[in-house]
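One chain comes next, on its own, written as structure tokens: the form predicted on its own.
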Amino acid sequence: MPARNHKQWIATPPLKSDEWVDSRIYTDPDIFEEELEKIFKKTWIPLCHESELSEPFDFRTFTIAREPIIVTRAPDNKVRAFLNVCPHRGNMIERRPSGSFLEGEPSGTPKNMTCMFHAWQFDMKGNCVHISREKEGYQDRIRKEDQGLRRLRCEVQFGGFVWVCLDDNMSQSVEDWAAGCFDCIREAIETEPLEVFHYHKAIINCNYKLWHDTNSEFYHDYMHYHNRITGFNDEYFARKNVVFDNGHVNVNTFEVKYDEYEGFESRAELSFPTFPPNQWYMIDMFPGMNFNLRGSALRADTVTPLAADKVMIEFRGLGLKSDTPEERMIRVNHHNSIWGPFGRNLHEDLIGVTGQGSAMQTGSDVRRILHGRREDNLIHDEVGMRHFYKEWGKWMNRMPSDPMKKYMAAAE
């Protein structure tokens, strides 16, 4: 068969409508803006791990759908989240990525968040505790007691991850939202406290959903020489993709043969509580977060969409808080040899999705992106992506295979 002409190139594939998507869902700026409003402002988003806020008055700052967020640990040891916005003139209160309010800023006092613009101050519970020249300027028309920060729904769940939702009317708790997808690793990550030992981030030129897709499917293990050597056996190909409500999927385990790769050795000496040695579970959560427990290390990916063709991905590696220095070094080495910036696998995934981003820029011709592999829900079946885009269609009310059509009308 010769190469295709343009008409053949853009023709509808000979697949079911849920087995492919229209590339405009990755490139259209209007669709991207709609995703921020309809999905990212409405769902639970994991921002960090509680160990990154280990002491009272610690904080970290984030962004969800362009809304600046600050997460703090108060003296009562509770983690809370607020809009990082002063109610006076809309200024961003804290511009550092992380730190502590234990010591005062130049414009404020210790143990308070201080807006540098006019020195309004707030405690770790979001209460306004000081308005400069309050009586002189406002008399009794505005009082600090009524000027607290915008609090956000915040829960610490599933091994200590901090989840935030911008929507006060979200009907589900984090537990309900997860719909059971964490049950496969829950005992392993909740028996003992966890701690982040590795952090890095990457800003790459591709749509955030492409990062989800490459985490969701294992067919691309043909790209990973390490995975082919240590994993391609009957047990590997028997792994199942299991779908859950709300668009989530997990991939069940098998024993990775690390010692079959030259220079590597078995990781059986160090695992997580109740977790069999050298095992590997992965959880993909809508709208694009990933939790990957592989042997001795837990990897967590969180995404912050920046534009239709740009995403920031934050990578965390976690172990047990009770690790000895020797155990921690083993975990760090195990994690970084696979998932560090110079590890065996992670950079290859990033190269893969940036290649997709380069080939699907805003304004490019429509592509038909195939999600049609069916292998009885086994490891190379693309059921995870089909499940994800069915959920995406519901939230967006757009058909993934034809985003200019309404999902609900087409589903009837």
Partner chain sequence: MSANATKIADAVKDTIYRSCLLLDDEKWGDFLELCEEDFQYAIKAYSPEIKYDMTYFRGDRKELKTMLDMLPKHNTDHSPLKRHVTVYTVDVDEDGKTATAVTSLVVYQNMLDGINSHVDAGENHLFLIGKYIDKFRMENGRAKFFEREVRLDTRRLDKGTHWVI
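Because the structure is predicted, anything quoted here is derived from the model rather than measured. Residue numbers count along the first chain shown, from 1.
The following text describes the form predicted together with the partner chain, which does not appear among the structures shown.
Among Tyr219, Tyr138, Tyr225, Phe232, which has any heavy atom within 4.5 Å of the partner chain in the predicted bound form? Checking each option against the partner chain in the predicted bound form, the one that comes within 4.5 Å is Tyr225.
Quick one: from Pro29, Pro68, Gly343, Gly372, grab the residue that has a heavy atom within 4.5 Å of the partner chain in the predicted bound form. In short, Gly343.
Okay, which stretch from 184-192, 153-161, 96-104, 284-292 lines the partner chain in the predicted bound form, with non-hydrogen atoms inside 4.5 Å? So the stretch in question is 96-104.
Is it the case that Asn336, even though its partner is missing from this view, gets within 4.5 Å of the partner chain in the predicted bound form, heavy atoms only? Flag for Asn336 set to yes.
Please run the contact check for Leu36 against the partner chain in the predicted bound form: heavy atoms, 4.5 angstroms, yes or no? No, Leu36 sits far enough from the partner chain in the predicted bound form that none of its heavy atoms falls within 4.5 Å.
Taking any heavy atom pair closer than or equal to 4.5 Å as contact, tell me whether Val366 reaches the partner chain in the predicted bound form. No, Val366 sits far enough from the partner chain in the predicted bound form that none of its heavy atoms falls within 4.5 Å.
Report yes if any heavy atom of Asp168 sits within 4.5 Å of a heavy atom of the partner chain in the predicted bound form; otherwise report no. Outside the cut-off, so no.
Going through 27-65 from first to last, which residues have a non-hydrogen atom within 4.5 Å of the partner chain in the predicted bound form? If the 4.5 Å heavy-atom criterion is applied to the partner chain in the predicted bound form, 27-65 yields Glu52, Asp58, Arg60.
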